[in-house]
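For reference, the chain that follows is the form predicted alone, supplied as structure tokens.
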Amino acid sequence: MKVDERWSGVYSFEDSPFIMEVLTELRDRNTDSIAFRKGLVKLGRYMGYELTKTMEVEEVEVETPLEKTKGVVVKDRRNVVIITVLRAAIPLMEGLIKVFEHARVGVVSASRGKAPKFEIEMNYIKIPDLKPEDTVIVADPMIATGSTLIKVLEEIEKYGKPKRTIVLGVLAAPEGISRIKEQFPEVEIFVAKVDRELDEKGYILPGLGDAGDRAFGAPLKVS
């Protein structure tokens, strides 16, 4: 896990060869939807493992079949809320839930409009009440302009004040991170990699394309 010196509380996993290999597969335009979804599940799971390194640990005593010994319990792992930003984050959440099996799950449906306004439309919001001991993980593969996540974070504030709020993504653009940190400086951001920039349409470069379309296919246009 690498600290990104450009911001406070921003981390990448560029030092993990396995995560970088999965990211390489996701970037490849020839990777089909099934392999793409599987890759997002893998990243959710392994990034979840990495997240536990930042959580509070308690030493406990356990009795083996032979004798007593000391062990550990990751206390924060029992108090996790995963907020899934539909639809691209569904496979990412599937991987996270394998690590945080006790997690309560919220769902937010949010779509971003076209450039240059990038207006955000939120059609469905289901977030559980948050407790002071909770760690909230907002799963969204692509942190591009930051507009969607800012709207989601504004909604989360209405449900209580958790111990930590984490945004977990696959790729991020510097522009999106800066916007989020400007409005929510206390929010932590964990991504596989911070990419170079956004293009004029708001896509991350070099990126991996539209994560939702690549995972589930382009949506039907109904007249």
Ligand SMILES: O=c1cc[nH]c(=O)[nH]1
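A residue's number is simply how far along the shown sequence it sits, counting from 1. Keep in mind that what you see is a predicted model, and the values were worked out from it rather than measured.
There is also a form predicted together with the named molecule; it is not shown, and the following applies to it.
The named molecule in the predicted bound form comes within 4.5 Å of no heavy atom belonging to residue 80. Residue 204 belongs to the set of residues with a heavy atom inside 4.5 Å of the named molecule in the predicted bound form. Within 4.5 Å of any heavy atom of the named molecule in the predicted bound form lies no heavy atom of residue 10. Under a 4.5 angstroms non-hydrogen atom cutoff, the named molecule in the predicted bound form lacks residue 96 among its neighbouring residues. Judged by heavy atoms within 4.5 Å of the named molecule in the predicted bound form, the contact stretch among the candidates 124-132, 137-145, 72-80, 96-104 is 137-145.
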